[in-house]
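This document opens with one chain alone, in structure tokens, the form predicted alone.
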């Protein structure tokens, strides 16, 4: 039988159309999201958007079409000028009003100087109530229909240290004798493998240590999800649904603003809160004080005291990811 794999055009796994498949070419270069769109659609994207605007039956529909057209050709958020950032944020605030009927305030606050955020989790105190999970879902405008949650809370047997032996689906009354509880989320690694895996540079680590995602540059390839050893990334298989009266209007461009189908999202240490000097929603909601968040560069912070006085450990330290999330007991 003839080996067709050597024929010209068999080089692309997605369409088998040409050795120089535009989709493959566009993604070979990091940061080529705009190139991918141009290669695939050429001038058709602009023409189609203009046609859709002309055909729209209401002003709201026209506005949404204009906003979505502008999103297609939007720059990286981290390379924008301050003026461009302000215009982009204003556009998304208009989108929130038109699409969801919510007057959102979308923040663009930069990282504070001399700040490096870290987290500590007291295994002795956590009772597995999941109030942290509920607070996270509400604060970060997570989809209500798919059960998306950034935080996983494992119910563990005493004596077992690997999360792979834990149960995240428990539904009984807690705490349970002979069990302990261990929470995971994005650990905002100092050496994050997820950012290296992204072909478009849509995810990166900020100066304060928060690993963020620019949803408008994410192409949904899920490479970051595969690269993360801590189960921290979430993919939107469908358009997220949040009732209008439950949308948190206090948002950050790199945090809890409304996402769309086909993009990755994750814990951002509640960037919309922590860059304003507040605690993450999960830490604030914890009824037992098991969660400690703070500035690792502040010698007087509680988290620094814990790191200097408690016996702490991190998950999968042998991987060299340097997570900024520690566990300890009393």
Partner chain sequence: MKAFFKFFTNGLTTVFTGSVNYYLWLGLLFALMIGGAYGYSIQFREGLVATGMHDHVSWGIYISNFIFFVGVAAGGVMLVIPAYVMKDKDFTKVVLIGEGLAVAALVMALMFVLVDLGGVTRFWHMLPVIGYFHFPQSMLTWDVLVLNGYLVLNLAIPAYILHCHYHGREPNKKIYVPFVILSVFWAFGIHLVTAFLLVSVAANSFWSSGLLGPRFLASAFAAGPALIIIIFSIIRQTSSFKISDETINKLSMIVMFAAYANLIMLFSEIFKEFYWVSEHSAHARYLFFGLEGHHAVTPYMWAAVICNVVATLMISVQKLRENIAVLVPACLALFLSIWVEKGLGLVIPGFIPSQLGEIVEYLPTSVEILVTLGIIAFGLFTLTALLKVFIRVETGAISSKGGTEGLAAEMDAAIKKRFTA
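Because the structure is predicted, anything quoted here is derived from the model rather than measured. Numbering follows the first chain given and starts at 1.
What comes next is about the form predicted in complex with its partner chain, which does not appear here.
Q: Quick one: of 86, 174, 80, 226, which gets a non-hydrogen atom within 4.5 angstroms of its partner chain in the predicted complex?
A: None of the others qualify; the residue that does is 226.
Q: Pick from 96, 122, 248, 195: which residue has any heavy atom within 4.5 angstroms of its partner chain in the predicted complex?
A: Going through each option in turn, the one that passes is 195.
Q: Name the stretch: of 105-113, 197-205, 134-142, 86-94, exactly one has residues whose heavy atoms fall within 4.5 Å of its partner chain in the predicted complex.
A: Stretch with heavy atoms near the partner: 197-205.
Q: In the predicted complex, is there a heavy atom of its partner chain that lies within 4.5 Å of any heavy atom of residue 184, even though the partner is absent here?
A: Judged by the heavy-atom cut-off of 4.5 Å, residue 184 is in contact with its partner chain in the predicted complex.
Q: Quick one: is residue 312 in contact with its partner chain in the predicted complex, heavy atoms, 4.5 Å cut-off?
A: Contact check for residue 312: no, nothing within 4.5 Å of its partner chain in the predicted complex.
Q: Residue-level question: is residue 162 within 4.5 Å of its partner chain in the predicted complex, judged on heavy atoms?
A: Looking in the predicted complex, residue contacts with its partner chain include residue 162, since a heavy atom lies within 4.5 Å.
Q: Is residue 179 close enough to its partner chain in the predicted complex to count, meaning some heavy atom within 4.5 Å?
A: The answer is no: residue 179 has no heavy atom within 4.5 Å of its partner chain.
Q: Taking its partner chain in the predicted complex, would 217, 231 and 319 all count as contacting it (heavy atom within 4.5 Å)?
A: Yes: each residue has a heavy atom within 4.5 Å of the partner.
Q: Out of 72-104, which residues reach within 4.5 Å of its partner chain in the predicted complex, heavy atoms considered?
A: Contacts from 72-104: 72, 73, 74, 76.
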